[in-house]
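One chain is shown next in structure tokens, namely the form predicted on its own.
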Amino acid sequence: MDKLKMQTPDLTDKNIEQIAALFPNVITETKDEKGNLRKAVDFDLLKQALSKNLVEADDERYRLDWPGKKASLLKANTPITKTLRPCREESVNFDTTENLYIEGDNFEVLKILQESYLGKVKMIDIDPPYNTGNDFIYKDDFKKGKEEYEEELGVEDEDGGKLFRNTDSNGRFHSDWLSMMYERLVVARDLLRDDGVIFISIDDNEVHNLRKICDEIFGEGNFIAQLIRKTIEGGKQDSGSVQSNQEYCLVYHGKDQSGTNRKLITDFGHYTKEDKFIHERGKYYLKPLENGGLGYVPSLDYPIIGPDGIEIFPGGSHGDNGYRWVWGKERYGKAVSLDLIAFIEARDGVGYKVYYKIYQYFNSDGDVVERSSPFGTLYLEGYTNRQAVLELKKIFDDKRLLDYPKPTSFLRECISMGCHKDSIIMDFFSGSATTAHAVMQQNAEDGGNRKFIMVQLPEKTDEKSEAYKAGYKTIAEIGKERIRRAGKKILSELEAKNRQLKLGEEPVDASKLDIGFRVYKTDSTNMKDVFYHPSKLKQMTLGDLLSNIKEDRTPEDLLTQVILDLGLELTLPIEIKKILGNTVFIVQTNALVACFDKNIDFKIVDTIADLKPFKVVFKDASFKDDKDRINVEERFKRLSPETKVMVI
């Protein structure tokens, strides 16, 4: 009977296996600290195999180094015993949703999810700290030489470790930020599918360093674009004389795309319309030219003449009604000349609405290349910070809870570039959960079934902030409440839209829209130290020896860690049954059956065996003695021989 390891994978072993596949002759064996034989790499033989391409220790080479880089890579490869604990009371539709909101340190969460979501995430979109001098909070992993730079927050994580703010007085200001990003991106890369993409928002402070570490982690050849997003109307004074009004978004393929047609997108769901440019630009979809979330701007309130010769204004009327066109007159005129404008009759049959076309591809010398914006440029307008602030205020009763959210329109543009309709999308710097909001909105519009995974540190809000006064003690609380409110609003709007369909239009099935999410929170392992280090067992009380599981953990806590240990997804359906007085968890019909009760009766064993599960898990303490354990294995061999029986 196998015993689950109940910890994240050791990536060093995985890397050795990859080397062995290429150079089996360099693999040898050595003894670890316990005297057990383990596979190892003979670096002298590996050097011989790569003799023409070696870089010796003192040789100059092209790379980015900083204090802490080696430690960061080691940290990325080292297993941890942390786990996740479900929080039903903060979730929405826990039993049916396929979305996740995970509260905790995002590096730990990425490690915990390594096996369950290995190669399954289609798109990662993150807005990490820009390292401006006060926005970067991190765990203190350095033990020496840092006291003179520390600015303690007075906050501890669940292990009692101090959290610090990375200020520009820190002597390792850039190095700490690089280490933080490096170790997270190294682990995140493994979660991406072979055709996965990552979008990383950043500003001028670290864009040069981020580009270098992304080239190293994802491969320079997997760079797709450095998008430029206009953040404000006009500009802000920076460095005394330069007007700064933009940020960047680095886009990379997550895995090696050499030898393939490196298109960012293919024929994804909403690209369904065709016109005379089908062979040059591909299919297209339409986006409204008016927007009510960007804020009114007089210069963007001009008349457009519709097919009926009548003037059209944003929002249906001239003046400050909260609406504006997303383009100025000059850009609109160019769009008309490129045949990028479409007029669609209004739902009530009175007048027209103005839309612009988003094509799949842009033709250059007859070749199909990367998807372009309507003007073949990487400069993106219409996605300002003001739009994001107004959007968030509308959800939270006109309260400004956060200063720097991202607009959902920008995230939806990224989603349209990087995802299929049924993709998994992850954001491990979730903040106000804009990505989750954008995913639900996109699904509501095109009938997609995209799933999100949000990860956010429970960073405390400032006691003087509007968020704290409104009752939100952490950033995570804001994010979860935004998803709840946005989900209800989107569902209500979709139901209203279905009631006002025009002749020939098909309603979107509102019942299929997933506006729920399962909440999990990081915590220490469910297992006592004796589970991991039985050889170090010293004199203990009889009570301590009764169980290797911590007393405050529930059966659902244990189930979650087992699911993660077995590499199953956290959103699989879970059925809880009472069978012969025992609580039995049935995951995904028969993928896993677990019972963590004491004194397992053979009648319950037979009942579980009748389900023919792929895997079944019991507590080691469920059996009175070794004889009972052996009998359970024999019973499964007879009744359900394909079932793998395991214990914790």
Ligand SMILES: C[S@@+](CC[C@H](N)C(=O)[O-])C[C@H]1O[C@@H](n2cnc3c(N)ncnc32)[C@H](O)[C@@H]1O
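Residue positions are given as counts along the sequence shown, with the first one as 1. No experiment lies behind these values; they were computed from the predicted model shown.
There is also a form predicted in complex with the named molecule; it is not shown, and the following applies to it.
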Taking heavy atoms only, is Y296 within 4.5 angstroms of the named molecule in the predicted complex?
no
If you check in the predicted complex, is G219 within 4.5 Å of the named molecule, heavy atoms only?
no
I'd like to know whether Y468 contacts the named molecule in the predicted complex, with contact meaning heavy atoms within 4.5 angstroms.
no
Is L491 part of the interface with the named molecule in the predicted complex - any heavy atom within 4.5 Å?
no
Checked E280, E459, D339, D320 for heavy atoms within 4.5 Å of the named molecule in the predicted complex; positive is E459
Just to be sure I understand the contacts: of S423, N106, T231, S179, which is the one whose heavy atoms reach within 4.5 angstroms of the named molecule in the predicted complex?
N106
Could you tell me which of 450-458, 562-570, 326-334, 206-214 sits within 4.5 Å of the named molecule in the predicted complex, going by non-hydrogen atoms?
450-458
So which bits of 112-126 sit within 4.5 Å of the named molecule in the predicted complex, heavy atoms only?
none
